[in-house]
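Quick heads-up: it's one chain on its own, the form predicted alone, in structure tokens.
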């Protein structure tokens, strides 16, 4: 713009509260980037007359955007799906598909060859069309699974011989994070799983893939890679490959929670508070959320509902807390005793096991520590903490020191 003001770019979609695009573009270019939530009947007028110079387009408007463009790039025309719009100097709207480059980069970065392999692509929308084109160009044999048609979810498992599974649906995406589009154990020959979802960072599908030692990837790399292509179209400035990887790392670090596990009395609450001060992040204690839900303190919950009642409330609390991004979470010491909590703890968090010598563990206001003894609880829970932890830190000095070591280890994680 000749007056020196920043150009206005943005993301067009229907529901965008989960989007990471503004943060990504903040790292990629010197332009204003907004979220434009529009209903279907508002899309045409906004694309034609809205105040924007460049747009990314997300579900469910990619095919509609293609129809409204004055011109399409060769790839966008081939795919019939547009996710990037640029308004030309003459006011014309030019459509591009940068998802192709993003998904191509995602597959290549995973490092699993797909040539000659059957690849199930779940979903039949604009993102699916792009994934199918990339897979074909890499020599794979894609099969699209949709709600209806020859290949659908009712007969999905006749394709149990698939080697690659791509989730191009919103199933498992924030806020409905506890769903998975398939039972991965049914696919005995699966060698790669790619989930286009990036919030949460680890969907149920990806957690299952990891548990089966199947190479897998979320959609964050694709999102950043396609955003870099979009940024180039917006500004004419090419983003180098190492910058793409750096932005991906920065976004992951910003959005991933720091979640503390460990014995009752090991100092999780105090150290969570120190981490919150050091990072500026919100701090959430799962025990306090449980008390708010029950409208009574924890000792009273144990007295009236028993441990089973408390654990049920704790799981419900964790299901909500762990959907959040970029927060500090201090958990109750016994949350690791319920296997159904594991995917909740892992979905969006770096898990830190906070250790402390038994003689230094406080039992005040801790019903199980008082009734069963800390040594018995420790013997039961220690292997569970160790199995879940990404990082282990001893709280054997000061809370400030433990917080500093946690942040240091997290920053060196990649």
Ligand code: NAP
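Bear in mind that the values here come from a model prediction, so they are computed numbers and not experimental data. Numbering follows the first chain given and starts at 1.
As for the form predicted in complex with this ligand, it is not shown, yet the points below apply to it.
In the model of the complex, at least one heavy atom of residue 147 sits within 4.5 Å of a heavy atom of this ligand. Taking non-hydrogen atoms only, residue 86 never approaches this ligand to within 4.5 angstroms in the model of the complex. This ligand is not drawn, but in the model of the complex it has no heavy atom within 4.5 Å of residue 235. Although the partner is absent from this view, residue 203 stays clear of this ligand in the model of the complex, with no non-hydrogen atom inside 4.5 angstroms. Contact with this ligand in the model of the complex, defined as a heavy atom within 4.5 Å, holds for exactly one of 266, 336, 162, 127, namely 127. Of the residues 132, 104, 184, 173, just one reaches this ligand in the model of the complex with a heavy atom at 4.5 Å or closer; this is 173. Shown alone, this chain has one stretch from 215-223, 325-333, 251-259, 289-297 that lies within 4.5 Å of this ligand in the model of the complex by heavy atoms: 215-223. Along 53-71, a non-hydrogen atom within 4.5 Å of this ligand in the model of the complex is carried by 59, 62, in order along the sequence.
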